[in-house]
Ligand code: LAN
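What follows is one chain in structure tokens, specifically the form predicted alone.
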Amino acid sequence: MNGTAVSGDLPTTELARWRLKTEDGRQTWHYLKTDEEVAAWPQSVADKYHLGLPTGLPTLPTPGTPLDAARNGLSFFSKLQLPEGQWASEYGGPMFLLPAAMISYFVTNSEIPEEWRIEIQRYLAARAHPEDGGWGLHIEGESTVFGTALNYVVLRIVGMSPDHPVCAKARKTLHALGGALQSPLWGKVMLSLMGCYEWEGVNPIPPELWLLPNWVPFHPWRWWVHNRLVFLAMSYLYSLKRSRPVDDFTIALRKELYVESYDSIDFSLHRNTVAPKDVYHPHTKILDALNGILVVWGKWICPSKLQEIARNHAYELIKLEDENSDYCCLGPVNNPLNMVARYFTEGESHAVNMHRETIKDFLWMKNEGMLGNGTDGVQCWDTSFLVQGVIECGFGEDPQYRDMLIKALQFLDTQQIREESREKDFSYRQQRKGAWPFSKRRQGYTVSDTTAEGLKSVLLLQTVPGMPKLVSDERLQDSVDVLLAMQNADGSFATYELVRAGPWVESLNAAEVFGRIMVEYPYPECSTATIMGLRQFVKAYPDHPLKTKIENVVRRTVQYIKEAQEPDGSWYGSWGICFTYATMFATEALKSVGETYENSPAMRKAVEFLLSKQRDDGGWGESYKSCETGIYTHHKEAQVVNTAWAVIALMNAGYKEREPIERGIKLIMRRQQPNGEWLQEGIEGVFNKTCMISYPNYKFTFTIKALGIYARIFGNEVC
């Protein structure tokens, strides 16, 4: 194809032909095949940056002060703002997202563009484990059957020969791990859709569970929404037990993926066969017993009419999920699974074509190739943090940043959700009118902290003299109403919904590779973000009728945060790595009610914890292993993002000893490049304890915020 070159022994597209398109918050990558297209659509600085190409941005004066460094950072980062006002970024890390997308494309006979095929091969080759050639649950993890089997299948789907060294090495590792028979549940389902595993070897995923009365304490409506919606699609597909028709390619894959002869395997004996390296959350005896009962139920007892009713009920919920999210769906696993469900049921249809289109929202291009993102973007989330960093630096009224901030406000204005979900109660949806999503409005999901950060950022911007007021009082109160409806009985806030069931439901966790996936949990991060958004609302509207209610909400939330503190003074982070992340949030909550290092035992313990983890070079560096083990684990070197979080936390605590904070600030300044950027270091984010995910913009937003807070508290100088 035009523009194709060769990198090593793999072809590559011409990176200068890729463009990131944004339309009403939607972000998709496009490859320009003709010189006329290239001339008509010049590559932007943001395009070049995300693709790892030279940006051409100038060397800036060496910063002498923290605010100089912040300005240099903004000088660079502002050039990455997209025309609609948001910032984009890779949101990769998990290695099962690209397989979900490509397997769904393949099973539904969807055309995979040649440029995708080329760049997916490059990415998977680049991210293969450097020693054994396999793939893990995430990009920094050890090779597993789940990661290796599925990504091997992807390589074969996109055209790599089984004899290619990348495939050969990966296959050797897969066989050493026991072969695809050892896949965890999600892997078994995806391979079954391919015709490379048999449905009889999948533990039961019965759609009849959706017919249980809502009062049943383990009804799926009580589960965490990501798990619930993946289970919804899987339960429908499990009931259908359909697969892609067997052909020569299927037969070849069956030979390549297994140690045993495929035809000799009694798959019904291998429902619980999972490689030890893949198991993070082993089955409980309760789950194994329930699975045994459900096998008998599904095979011998459940009337076919009841199965049909359950299947139809699940399908109605799938259709509502599609329609309420404009076919984007909640995430990059349930979207492709819904696509297969719609294809198996309707064949070629409007719904299937819409899924083919929206799966593009989850694909991202970078210098290594094409990967799968963890959501359809981080648009609202990262834009909100940038706004807050600028305000912390005192730059809100600076004419230099006025256009950038107005565009950010315009973006947040357009992306607030304005209406409730259709058939909200039937589809078990949380209130959403007034919410800000993590990504874009059309995706349509409430999240507590993204709503709160969006609310806070809009309020901060609309109180800057001369800024337009785009979001009305009524819409701001809609946002507050969303947040007030999300407080749990213990005073905490979760992510997408209220906590609907207790942690005992985790005993039914069948995913094997993830922890804390079954239900919503209270989170110090979400709880802090929520009350800070609410307090910003009260600050802007001090006489509002909701003031007393908000103050009571804040009081109860702060009490929860105190109770969530670990004995060593830290807080465990569930969405960032790890203790430094959550401790930054928790100390902000305590600060908001007047607690400081001087008057609060909780703050003193937090400070002592952080100081005990500071490294000799002045920074902090935390490994993703902290998330898995629940024990603070040092990274091999300091990280600018962890350092920013730690110094922000120390300043939140009102810690007056300048020296350790200044050492952290100096490390941030030393790591800054001459053009104002900070380079990518270790992975920053996490979900479900075991799966790491990238937040590349954190190295700008939180470093700039840390520099601004330091200058305000200690003065704009470092010794």
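Residue numbers here begin at 1 and follow the sequence given. Small disclaimer: the values here were computed from a predicted structure and weren't measured.
What comes next is about the form predicted in complex with this ligand, which does not appear here.
- Looking at this ligand in the predicted complex, residues Trp18, Phe77 and Met404 place no heavy atom within 4.5 Å of it.
- For the candidate set Pro184, Gly619, Pro207, Gly374, a heavy atom within 4.5 Å of this ligand in the predicted complex is found for exactly one residue, namely Gly374.
- The listed set Phe493, Phe609, Phe438, Trp116 contains one residue whose heavy atoms approach this ligand in the predicted complex to within 4.5 Å, identified as Phe438.
- With the partner left out here, this ligand still marks one of 101-109, 289-297, 509-517, 598-606 in the predicted complex; by a 4.5 Å heavy atom cut-off that stretch is 509-517.
- Though the partner is left out of this view, Ile693 does reach within 4.5 Å of this ligand in the predicted complex, counting heavy atoms only.
- Taking non-hydrogen atoms only, Tyr91 approaches this ligand to within 4.5 angstroms in the predicted complex.
- When contacts are judged by a 4.5 Å heavy atom cut-off, Asp449 counts as touching this ligand in the predicted complex.
- Among residues of the shown chain, Arg156 is not one whose heavy atoms approach this ligand to within 4.5 Å in the predicted complex.
- Residues are counted as partner-facing when one of their heavy atoms sits within 4.5 Å of this ligand in the predicted complex; in 207-246 these are Trp224, His226, Val230, in sequence order.
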